[in-house]
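What follows are structure tokens for two forms of the same protein chain, given separately as structure 1 and structure 2.
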Structure 1
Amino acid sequence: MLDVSYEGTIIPILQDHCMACHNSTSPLAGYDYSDYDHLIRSVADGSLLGTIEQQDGFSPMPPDGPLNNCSVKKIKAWIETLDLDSIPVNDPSSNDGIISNCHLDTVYFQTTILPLVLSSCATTQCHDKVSHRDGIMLTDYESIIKTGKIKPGDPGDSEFYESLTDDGDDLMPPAPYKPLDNEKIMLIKQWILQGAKNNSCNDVCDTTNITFTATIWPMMQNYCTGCHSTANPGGGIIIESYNDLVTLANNGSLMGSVRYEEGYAKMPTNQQLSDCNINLLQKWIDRGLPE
């Protein structure tokens, strides 16, 4: 048996190949490989081994090419030293942010990709239903696949993905809008690699520890900032900071808009927030708007 250990063997492999996308700051698809407790849960549910061995039903990881056989053998040898029966898998009562009824290995269209595209691309004068600039409309699954010319399983041959990574004048979103950050681009890439499916799941709504940084701001980035930035202040509203959102929360317009209440502009315009997200926003306000 190989002589392996978590600190001496596994951490170096993960640092070299995985932690750039799967860490506490940027836990792509919900995975944080920089934390031992999170890592062993992915071991216990089979997702770590499934991804690195590129088994059917799992996203091949790393996305740019498989680990070498030696690294895979070391990880498998380390797993064999663990008592997997003692590891709690996807326990919704743990309140540690682990999703209990969604596959962490899967990027879901309805849950993740659609709100990201609606906020960043399907905006006024760009790729919404009215403007559909350059003949491209990115407002639902069918239009994103068709006019974005997405080839399931092949991001490199998908025009929508290529436009997000272009290093010239064709980069999208165009200036003065901000380009998508690497985490969002990787999510889109992963979704295409997984077959660009019209899939969804139901998240556990954990309201135990809500903060602006960890809970509310990621939601705003997914659903709101594409239409409410300095470059694109829809309705004269800018959401680029904690103070911006606090102002909207205190004057009642934030909850009025997301609840689609009479007298308020319905936001987001293309897709109402889920009951969970609306609940998270309300509880954040009720608890004093913690940063």
Structure 2
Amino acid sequence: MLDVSYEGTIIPILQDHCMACHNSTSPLAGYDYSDYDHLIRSVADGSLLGTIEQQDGFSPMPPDGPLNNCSVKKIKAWIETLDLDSIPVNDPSSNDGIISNCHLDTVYFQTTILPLVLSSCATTQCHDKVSHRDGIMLTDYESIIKTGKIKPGDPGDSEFYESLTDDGDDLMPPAPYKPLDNEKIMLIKQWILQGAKNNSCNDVCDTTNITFTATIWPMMQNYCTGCHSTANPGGGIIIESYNDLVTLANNGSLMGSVRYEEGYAKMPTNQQLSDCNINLLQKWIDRGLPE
């Protein structure tokens, strides 16, 4: 067996080949290799070996060409000395420094597609559990695959995808709702192309620089605006601008509803926001609602 240690063997390799791009001030893709705790999470989620061994599903690292065999062997030998079961890969309850295990090129069902479908399609009087118009119910993985007639790997033969891009009467969502924007349609296409799996990942919860435009509005579009637009104002509530949301933040109903507090309607109705998103909203309010 190779004689390897973290300090003597691993740090020098990482310093030479990885830390220029993955350090504490610039943790590209969420990975900081200058810190032991962060490094072992990359071991535990498989991304360290996956990237240096150029495995499928990982971006090959370093980007300018693989490590030499000897370095790869040393890293593998060191990984074998670790007790992987004791490493918390992702701890959703801790709010700072969560290491992302989201692959940039992968579209995840639980993380991206489900929230998007829930807020755009599973709205009242359309495809929720009560209404399921035309027998189509879009509320969870099984129902989306089955009633949306999704063929993994083949968006062109998946009714759900076709209905989003139809140029005739079958376009979904139907008028007066706005069609999904292109970016969302492309995400759904990618997800189907990648096998329409029921997958998920934990994104980096970066609470350092929260603004309405960069952080909060994209979240609203993913989770809320499908039911709170002028065309479809759930409960008479419209969330289309900074001022709309500030009003809800100031009267307490925003946090009350996303925290599922007593006395408020639970928002989103189908599935609670992640701890990270709730935390981002709270911090945004605490910091004076930066625009």
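These figures come from a predicted structure and were not determined experimentally. Start at 1 and count along the sequence of structure 1; that gives the residue numbers used here. If you superpose the two forms and keep the largest set of C-alpha atoms that fall within 1.5 Å, you have the rigid core.
Here the chain taken from the form predicted alone appears as structure 1, while structure 2 comes from elsewhere. Taking the rigid core as fixed, one finds a CA shift for Asn279 smaller than 2 Å between structure 1 and structure 2.
Comparing the forms between structure 1 and structure 2 on their rigid core, the Cα displacement of Ser26 reaches 2 Å or more. Val258 is not among the residues whose C-alpha shifts by 2 Å or more between structure 1 and structure 2 once the rigid core is aligned; its shift stays under 2 Å.
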